[in-house]
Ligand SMILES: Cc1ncc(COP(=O)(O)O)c(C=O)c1O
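Only one chain is given next, in structure tokens, and it is the form predicted alone.
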């Protein structure tokens, strides 16, 4: 079937305001995710299924690269790239000029670290053990090479600001953390932490992969200076693609690009018949803005999928998504401990992830697999349950019934 490239590459403009909570039909939203037809899927903190809208966009893309690729397409692709950045920037209350594409959260954090002269300036980094384990590995490797890394341990599965206060000092250049921990969904007191960091002249990096799209984020109000995420979790996108945020005044100064991608113009024969006087033989202009952190092309399918999923999230409204999921996690927090499975997620925690300790994790997972209930078992005996906008009380009933 012929494809209208302009339609699939630029898409429609998202509505200026999200839907009112009372106007949302969550059962209809459930139908937008075919994964719900054969399972109670509540492992969105591992990987979120894409919606039928993103799936249709990807099918249009595949049809285009199969049947039409090779024709002029760059003007349409430029619009798609920019809309994806604009939609993400609006989601976190950033300026589009502060957003670049990334391949993954961990690679983005690593590239940021490479561009900050922490070790050479005699500075230190403060992080914690509720950060993502691959990020901690990154810091441990750098610590082995001489970087002063201070890893604060959690207290009862949450961070105590007093412990951070003891670790941060006048030499701290960066405080790095997961805004929402993948371990138990703990939402850090980011404003207090950023105030602490800024008071010592340090900056804050937040891994936002486990919350962006699921809870409201305002990088300016929260005091976040840099952030990154992949799209395959709560942004309902694909692996191998994500976003990075760097505050505008830090670009090229505090955070220098360590990989370069751009073009040159040859100004000598036989490239040109008449070389231009006063111009270098190999002329170029350094890339500015957030694109200075991008290398080569971003994932085309990743952008297409993110463009559609971000429009979907904006239509629903993040606060509406959060309010819906809270009813599910609140019930889990009430009923699973009463059944003998203590929670390691603080009460009243504002994220879509809850975790519980199990004495016999293998038996529990066998029961859930038999009932087609999908969750994750992490760190030995910690069951992580992460419902999303398409889940409902029937899914919770199914989980509780299997474990009863």
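The model shown is predicted, which means the values in this text are computed figures rather than measured ones. Positions refer to the first chain, counted from 1.
In what follows, reference is made to the form predicted in complex with this ligand, a form of this protein that is not presented.
Proximity to this ligand in the predicted complex, defined as a heavy atom within 4.5 Å, singles out one entry of 176, 184, 309, 210, which is 210. Proximity to this ligand in the predicted complex, defined as a heavy atom within 4.5 Å, singles out one entry of 196, 106, 328, 298, which is 106.
Exactly one of the stretches 97-105, 257-265, 185-193, 275-283 approaches this ligand in the predicted complex with heavy atoms within 4.5 Å, and it is 97-105. Among residues of the shown chain, residue 128 is not one whose heavy atoms approach this ligand to within 4.5 Å in the predicted complex. Interface membership of residue 139, defined by any non-hydrogen atom within 4.5 Å of this ligand in the predicted complex, is ruled out. Remark: residue 85 does not count among the residues lining this ligand in the predicted complex, judged by a heavy atom distance of 4.5 Å or less. Among residues of the shown chain, residue 232 is one whose heavy atoms approach this ligand to within 4.5 Å in the predicted complex. Within 4.5 angstroms of this ligand in the predicted complex, the stretch 113-143 places a non-hydrogen atom from 132 alone.
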